[in-house]
Ligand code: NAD
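Quick setup: one chain, the form predicted on its own, written in structure tokens, and binding and motion questions come after.
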Amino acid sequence: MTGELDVVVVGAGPGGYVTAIRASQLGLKTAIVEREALGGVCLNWGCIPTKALLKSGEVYEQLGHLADYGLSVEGRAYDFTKLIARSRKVATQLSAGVAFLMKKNKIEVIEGSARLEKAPAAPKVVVALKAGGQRTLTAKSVILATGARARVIPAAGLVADGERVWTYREAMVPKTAPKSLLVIGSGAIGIEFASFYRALGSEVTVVEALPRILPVEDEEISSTAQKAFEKRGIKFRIGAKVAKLIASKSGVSVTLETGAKSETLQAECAIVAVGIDGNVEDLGLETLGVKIDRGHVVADAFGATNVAGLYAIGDVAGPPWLAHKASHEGVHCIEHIAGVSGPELVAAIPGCTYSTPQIASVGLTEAQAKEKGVAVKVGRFPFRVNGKAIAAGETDGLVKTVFDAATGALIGAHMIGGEVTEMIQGFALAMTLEATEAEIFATVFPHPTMSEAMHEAALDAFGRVLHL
């Protein structure tokens, strides 16, 4: 590819590569720069391989409950090496799929590390090529999609050493499953790894500095989730700050401070899952004067930064740190650049935690709505009285809906239970279409399905629940 480009995308994660594809569809001459692997952290070291691991753990755990289904099996066991290898194979397969999409859409892939330099229009992109040498790219627009990495706290010893202390990356490829594990942080990443290793039999303790686990979720869902995890044998230390983590050849020692009390926990390994930081270093952003706030590039509703011709999307541009949010931001950004975008991107963004049980949500929590001064109608429906859930043995969990009492608009939905991550899109679609309770009431939900609980939770908010 020669001559000036229309667009250079820096980073080939789910935000970057989707942006590049949409740019190509719009007829823009596009190149993408990636320093590691196509698909980024999500495909190679995050969303996809972790779901492969979680599925293996889920199946193994279910084998221990076959008697509940009138079944039996002898010699339940797992091969940890093969289990890890399967997750890596899944990631490799999908990364190859992204390479095919780049070729199909005539997008040049440049392997190397990018750095931005000042130019009359958009910044120049100088790439230190993996194969050696350097290449300078000029384009009308540059889009940063460099993602983020696990946050570490050196002062407290919360730094991965690859042996006893892990971030999500090391936690996906250990040689053996630890007999005991401390998980520092109870967000989606921490809870998913806690769920996976507990399924394999590890003794797991989750440490959370805030007053409850899964702090971004609705408080009722958080409470239900903790009870479900404790039922599986996961232990929790809530409102506990890590004062110091010390790793040795034999394991880890973590000193916790809970109010005026202090305690020390021992384990074979620890996972640090205390958040993420945007990848803003070594890009030349300081030289360009790009505004950065708390480790993330400041961008407007269309991804534009304060530097002409430079845009930022996805994790590097701030929360929520979700792959699907990055992809949608990228499409919105490039359509704005091409002059074909609609109004600001205001669609509700669902969040999912793929633990056992699963957790999914979209929109405002009950507390957030009340903090905004919105009078609400709240509905709930438990899976314990849903026919499909009973038949499937998935009776733990519930669906909770939050409606604006004045307008009837659905403003939030929160779910915990089997396969709720596959169902939350129904509520997301309803919110995007600005549905009120009337449209949800009028929707025919198939029977028997677990999704019927969504209908019943909406009915319950208005005193019309049928099966409770």
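Start at 1 and count along the sequence shown; that's the residue number. Every value quoted in this text rests on a predicted model; they were computed, and no experiment measured them.
Absent from the display: the form predicted together with nicotinamide-adenine-dinucleotide. The rest refers to it.
For this session: Could you tell me which one of 144, 273, 334, 194 places a heavy atom within 4.5 Å of nicotinamide-adenine-dinucleotide in the predicted bound form?
Result: Only one option qualifies, and that one is 273.
Problem set entry | Residue among 389, 188, 127, 290 with a heavy atom within 4.5 Å of nicotinamide-adenine-dinucleotide in the predicted bound form | Contact check passes for 188.
Exercise. All three of 184, 242 and 321 touching nicotinamide-adenine-dinucleotide in the predicted bound form at 4.5 Å, heavy atom to heavy atom?
Worked result: All of them do, each having a heavy atom within 4.5 Å of the partner.
Exercise. Looking in the predicted bound form, any heavy atom of residue 119 within 4.5 Å of nicotinamide-adenine-dinucleotide?
Worked result: Output for residue 119 is no: heavy atoms all beyond 4.5 Å of nicotinamide-adenine-dinucleotide.
For this session: Please run the contact check for residue 172 against nicotinamide-adenine-dinucleotide in the predicted bound form: heavy atoms, 4.5 angstroms, yes or no?
Result: No - in the predicted bound form, heavy atoms of residue 172 and nicotinamide-adenine-dinucleotide never come within 4.5 Å of each other.
For this session: Tell me, yes or no, whether residue 215 is in contact with nicotinamide-adenine-dinucleotide in the predicted bound form, where a contact means a heavy atom of each within 4.5 Å.
Result: Close contact exists here: in the predicted bound form, residue 215 approaches nicotinamide-adenine-dinucleotide to within 4.5 Å, heavy atoms only.
Exercise. Residue 317 near nicotinamide-adenine-dinucleotide in the predicted bound form, any heavy atom under 4.5 Å?
Worked result: Taking the distances in the predicted bound form, the answer for residue 317 is no, it never comes within 4.5 Å of nicotinamide-adenine-dinucleotide.
Problem set entry | Answer range among 108-116, 83-91, 195-203, 274-282 for contact with nicotinamide-adenine-dinucleotide, defined in the predicted bound form as heavy atoms within 4.5 Å | After filtering at 4.5 Å, what remains is 274-282.
Exercise. Within 202-219, which residues come within 4.5 Å of nicotinamide-adenine-dinucleotide in the predicted bound form, counting heavy atoms only?
Worked result: Result: 207, 208, 209, 210, 215.
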